[in-house]
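Just one chain follows, in the form predicted on its own, and it is written as structure tokens.
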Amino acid sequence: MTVSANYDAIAKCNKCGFCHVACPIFRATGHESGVARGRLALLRGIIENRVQWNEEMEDPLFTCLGCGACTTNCFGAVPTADLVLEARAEYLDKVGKKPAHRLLFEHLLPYPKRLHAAAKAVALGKNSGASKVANALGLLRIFGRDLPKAEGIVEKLPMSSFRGTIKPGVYPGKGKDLRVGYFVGCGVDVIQVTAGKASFEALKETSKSVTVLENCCCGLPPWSYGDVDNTRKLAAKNMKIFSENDLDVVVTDCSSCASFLKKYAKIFKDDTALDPAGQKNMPKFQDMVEFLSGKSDTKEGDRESQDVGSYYDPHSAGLGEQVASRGENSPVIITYHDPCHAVRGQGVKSESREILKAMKGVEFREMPEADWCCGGAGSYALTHYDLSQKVLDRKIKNLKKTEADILVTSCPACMIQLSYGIRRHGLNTKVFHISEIVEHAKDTAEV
């Protein structure tokens, strides 16, 4: 589909400017080209032949976070993020793809084993300090102008992936009926390994069986960059895997993955190139937050121990230790950050609060602008570092108001971004995936 085919949707923008209030990028820059109204005007200019496709289009199109906040605040509900994504696809066709994107989308994300090998190599460089040397020598500039600045976002990387420790396959659970497929997102697989372990244990507690799928990337990264062809290839591989396993539901602990998986049927409904059986027999998809909120029966039981590394140590003075040291009169303060792909992508918001408020020994405090984008947006910080940090600073300013000991979320990219902001601002707040928090709370209750 070309931009011209979306003329009617683009023309619905009445230029009222209400998108200015909701757009994190506009609030950071004040530039009209960085807000929905400005981006839509640019697309209309292309359709009416007043603007030509060229490399100068890159910033207006690719600085959009895709958070969807503009649509939420738009009286006409103009789907600006979707329109921008389609414009990105046409931009790539007319202007071209970057080598780094080809490497990632075509040669790494479709193949988990290659991704694991690349991640291990990066971990060796990161943990040994070699990446800092490369940065000092200017070698990282070949991957983009902002990567040298962003090199410090991740402090440490695990040497073993989640699926390198817990192999794909079927594992018995303690439930009666539910057959769950665990879709392991790339971020959890190679960075938030500890969160993956906690999710795996939670799934086994309530399910008859848990199948750790040998899935590849869900396809959201290339989709976000307008690379429809590689998105289609990734989706086809996953749909084949789904059709080969007898599953009642597929659960993922990455809200971004969950949001995109739920869109498969809609995005590819007219795509005859994809496996028809895979579409027809596609399972239900569920965000881990939805799963943990109690929609499935839960049973108590022993959990086997799997020691896996993570890029930070979330269990150092974690929830269990803090509750034990504080006592009843001094609860641990917890707050929550809503990933964009959870709150707007799926409408998942109250479930996370219900889980946290039900925990003993903690006090939940709502963070101002909890659903405001943190600036992570996948790899956004690697390509637009300065902008992402301006958005992040606003988030951390609101976090400070809560005086929270623990910040919880359900998106790996958000976890990385928020942890970085906390380090930059010198806070002691710890970042947890909601699966980890549930596991800590359960361990505390069993003591």
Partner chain sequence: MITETFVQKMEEIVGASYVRKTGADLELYSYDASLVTGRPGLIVFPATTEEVSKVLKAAHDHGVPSVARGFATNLSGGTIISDGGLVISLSRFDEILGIYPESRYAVVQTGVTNLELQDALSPLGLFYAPDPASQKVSTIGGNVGENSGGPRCLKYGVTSNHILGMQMVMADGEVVEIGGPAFDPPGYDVRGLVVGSEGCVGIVTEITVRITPKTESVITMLAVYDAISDAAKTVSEIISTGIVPNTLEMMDNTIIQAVEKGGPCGYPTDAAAVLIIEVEGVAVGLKEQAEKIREICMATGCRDVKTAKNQAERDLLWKGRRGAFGAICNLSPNYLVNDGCVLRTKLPEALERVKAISDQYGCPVGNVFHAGDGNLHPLLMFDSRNEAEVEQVHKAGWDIMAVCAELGGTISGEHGIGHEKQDAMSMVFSGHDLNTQQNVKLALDPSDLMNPGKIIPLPPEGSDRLPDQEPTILKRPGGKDATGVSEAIEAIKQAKNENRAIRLAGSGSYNGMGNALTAEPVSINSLQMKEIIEYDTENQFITVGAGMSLMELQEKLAENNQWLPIRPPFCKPESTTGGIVAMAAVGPERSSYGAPRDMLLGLQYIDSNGQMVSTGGKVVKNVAGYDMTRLLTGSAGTLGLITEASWKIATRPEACQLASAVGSLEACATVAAEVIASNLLPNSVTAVQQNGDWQLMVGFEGIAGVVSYQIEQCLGLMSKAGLKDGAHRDYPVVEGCFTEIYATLEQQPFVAQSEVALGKVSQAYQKIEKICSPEAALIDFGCGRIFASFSSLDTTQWDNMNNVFSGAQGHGKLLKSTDDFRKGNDVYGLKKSEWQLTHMIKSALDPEGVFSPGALPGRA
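Numbering follows the first chain given and starts at 1. Because the structure is predicted, anything quoted here is derived from the model rather than measured.
The protein also exists as the form predicted in complex with the partner chain; that form is not presented, and the subsequent description refers to it.
- At a distance of at most 4.5 angstroms from the partner chain in the predicted complex, none of the three residues S259, K263 and E290 contributes a non-hydrogen atom.
- The candidate stretches are 338-346, 73-81, 168-176, 195-203, and the one lying within 4.5 Å of the partner chain in the predicted complex by heavy atoms is 73-81.
- At a distance threshold of 4.5 angstroms between non-hydrogen atoms, K12 is in contact with the partner chain in the predicted complex.
- Mapping the unseen interface onto this chain, S33 counts among the residues with a heavy atom inside 4.5 Å of the partner chain in the predicted complex.
- Taking non-hydrogen atoms only, K401 never approaches the partner chain to within 4.5 angstroms in the predicted complex.
- Put simply, L42 is close to the partner chain in the predicted complex: some heavy atom of it is within 4.5 Å.
- Annotation for 337-375: no interface residues with the partner chain in the predicted complex [heavy atom within 4.5 Å].
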